[in-house]
Every structure is written in C-alpha cells, then in structure tokens.
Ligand SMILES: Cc1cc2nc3c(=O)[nH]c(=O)nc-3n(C[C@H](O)[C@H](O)[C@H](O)COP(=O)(O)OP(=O)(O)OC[C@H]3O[C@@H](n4cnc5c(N)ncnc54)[C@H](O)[C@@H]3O)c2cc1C
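Presented as structure tokens, the chain that follows is alone, the form predicted alone.
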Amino acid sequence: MQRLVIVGGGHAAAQLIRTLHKRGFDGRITLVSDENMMPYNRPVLSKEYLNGQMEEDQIYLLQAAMYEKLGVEMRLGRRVERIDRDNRSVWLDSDERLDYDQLVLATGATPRRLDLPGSRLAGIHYLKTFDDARQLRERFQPDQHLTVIGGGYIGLEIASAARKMGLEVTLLERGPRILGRVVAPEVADYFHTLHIAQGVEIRTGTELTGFDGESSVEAVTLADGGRLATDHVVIGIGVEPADRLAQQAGMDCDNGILVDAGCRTSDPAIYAIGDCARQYQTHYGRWERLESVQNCNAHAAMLVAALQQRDAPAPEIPWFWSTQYDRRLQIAGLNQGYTEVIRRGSGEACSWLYLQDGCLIACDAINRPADFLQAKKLIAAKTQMDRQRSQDPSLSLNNCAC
C-alpha cells in the first residue's frame, strides 16, 4: 500500500485529499499540520470572517467525517522538523518518524516580518491563521484606531473589514501608490478613491522607524518625525514561500520550491503544491509562484495525474479575487509585461483589459463577472482585441476580439 504524507493544512492539502478520493487513490494518507485545526479556508479570514459575515464552523474545507471516511490519519498540532530523503521519512517535533513513498509539501507561505524598534509590542498583528483572525475580530472595537501597514490586497481587505466594524483606519504604504506591484496605476487609483470615500486615511511614500508603547503599541513613529497614535497595528507587507524544509533537504528552490508540470520537485519522491511551489507557466513563458485558490486546485489535479501516470490536465489561466466593501474584484491572467490598458465601464461595475501588443493577457473586473469569465477564455486563446469595441461596456467581451 502506498504511503502518502502531506505536510501542511491549507487549501492545497484539502483539495489534494479531495482529488485523491475522487480519482480512487487507495493508499494510506497522513496529514501533518502545525495548527490544531483541520484544513480551512484562509482567503475568507481577511474578508467575511474578520467582519463577522462568517463563523468558524463555516470556514472548514472538509468536515471531520470526510477525513475519517477517506481514512486520513491526522497529525494536528505537529510540526515536521526535517526530511530524511535517503530513508524516505520525515521527523516530527514529537520525535515521531513517518515513512513515505511519496511526500507532498503543501506548506504555503508566511508573512514577511518587520524588524523595527518596538515591533514585538502587544497589539501588533499579522494575519495568516484562524487564531490571528479570531484575535483581531475579538479585539477590534468601534471607534478604536487601526493602523494598517502595507497597501496590497491583504492590507486593503483588512482596512475594508475594519471600517465595516466601525474602526478608524489609517493605511501606510511605503511605495508611491497602493497595489504598486499588482495592478496598473488606473486600477490603483480606483481603489484609492474607494477607500478614501469609505473614510480610510491613506498615506503613501511613508517610511516607518518603529513603534512606541509600554506593554502594548500606542503609536507608530515615522521617518519624517511624525507620530501616529493607534490602538492596533496590522502588518501586511507580503509573504515568503514556506520552503525551509525543502531547502534544508537540499532540494532545488528559488523563490519557492521548483516543480515540474506534475508538481514533482528535484527529488522524484517529493512533490510541492500551492503557495510554496514555483512552476513554469507555459502560457506566459516564465516561472511563477502563484498565491491563489485556483493554483492550489490546479496543482492537486496535476499531482494526482502524475501519481497515476496519466496525462497532466491542460493548464488553466491563473485567476484571483479580492472583496472590498461592495466591490468584488476578479482577476484573470498575469499582467506583467502589458503595453496598454483599456477601461470598460465606470462606477461600481468596470473592467480593465491588459494588452501586450494588442493581445489580451489579463483582466481586472469589478462587479463584472461576465467580463472575467470571458477574459479567461480570450487570454487562453491569445486573442487580439479591437481597441475601440473593447471600450464599450455594453458589448460582450467576446464581441470585442479582432
């Protein structure tokens, strides 16, 4: 009987178990997670869970009965300390040894930390786990002040949730604009205006020097000499791949664990999936490490196909989403290398098309789900777009191709 060990308790792990069951895998599965919880939905932590629209019993990806039905052995609250590749085993922090025929690293990513004076004061938070989100939800009270550090998606989602809960919010971004690495300036301006209208104070081009307080944070100190009084701080300045185990085991890593089209690592008995894995994206012709639910699902399908020696499923165009206030942003494709941006619509429902020499490579759609769905297909087909028709929001995106 095959022995499959999965390290990690996030979406990638749960989707892999679900896919293994669907495909008739009859081996022994052991899941090891350093959290004392079954795999759960992490993206909702900064959205529906934080602002009270979702409760704990709604975040689990599979119910306990399903793991029992599938015969999955759970090692919760346990951490893998090292991989012994020669003997195909992993050692846990409890000194337990688990042997494997195949090992899957689904270890995700970890928040980047700020190392500044006062950065270990109580009241300074990062958001990764359910415990992180629960603590924030319990401690956030109306009329308190929250400082969000980082103007990426996670920071903006936390700002949105906090405003819905009645907190005063100041967002500090080191760069010249929010969403600086992920969207065009036009899209960044849209979300900047949205948050300002909702009462968020946004300060860009802002450098921090530290945090003040006795036992808990009372203020953020700034490079220009300013001091921002606050009750809470949440730091969201990006993540790094959790590839420590792979690096220690001597596997190939470069901004994540390098994997092939079947999610195999440089060790043929070890696979990596989800946010910790970096894979070659054939559509875009470059290596990427993608942080998305869609990527977890795709990796699970690729891995199971490789295990069962079937052809790999056709690669899917990457997609992502973010919810802020009443706006649902759906992103199709990767926009790096775009040469032109076209806007469709205005106000609460609009889209931006990213073109590279006239070819659609990505789309940011706000409350326009049809644009998002059609864009995925048009991107996959490397479609040339008619610029004039593409600007008309009354036309189906499918009718805007050349």
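The model shown is predicted, which means the values in this text are computed figures rather than measured ones. Residue numbers run from 1 along the displayed sequence.
The form predicted in complex with the ligand is left out here; the points below concern that form.
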{"property": "Interface residue in the predicted bound form among 184, 202, 109, 167, criterion: non-hydrogen atom within 4.5 angstroms of the ligand", "result": "109"}
{"property": "Of 194, 74, 237, 127, the one that lies within 4.5 Å of the ligand in the predicted bound form (heavy atoms)", "result": "127"}
{"property": "Partner-proximal stretch of 246-254, 134-142, 267-275, 209-217 relative to the ligand in the predicted bound form, 4.5 angstroms, heavy atom", "result": "267-275"}
{"property": "Residues 151, 364 and 368 all lining the ligand in the predicted bound form, heavy atom within 4.5 Å", "result": "no"}
{"property": "Heavy atom of residue 79 within 4.5 Å of the ligand in the predicted bound form", "result": "yes"}
{"property": "Partner proximity in the predicted bound form: residue 334 to the ligand, non-hydrogen atom cutoff 4.5 Å", "result": "no"}
{"property": "Close approach of residue 173 to the ligand in the predicted bound form, 4.5 Å, heavy atom", "result": "no"}
{"property": "Residue 259: touches the ligand in the predicted bound form, heavy atom cutoff 4.5 angstroms", "result": "no"}
{"property": "Residues of stretch 4-34 in contact with the ligand in the predicted bound form (4.5 Å, non-hydrogen atom)", "result": "7, 8, 9, 10, 11, 12, 13, 32, 33, 34"}
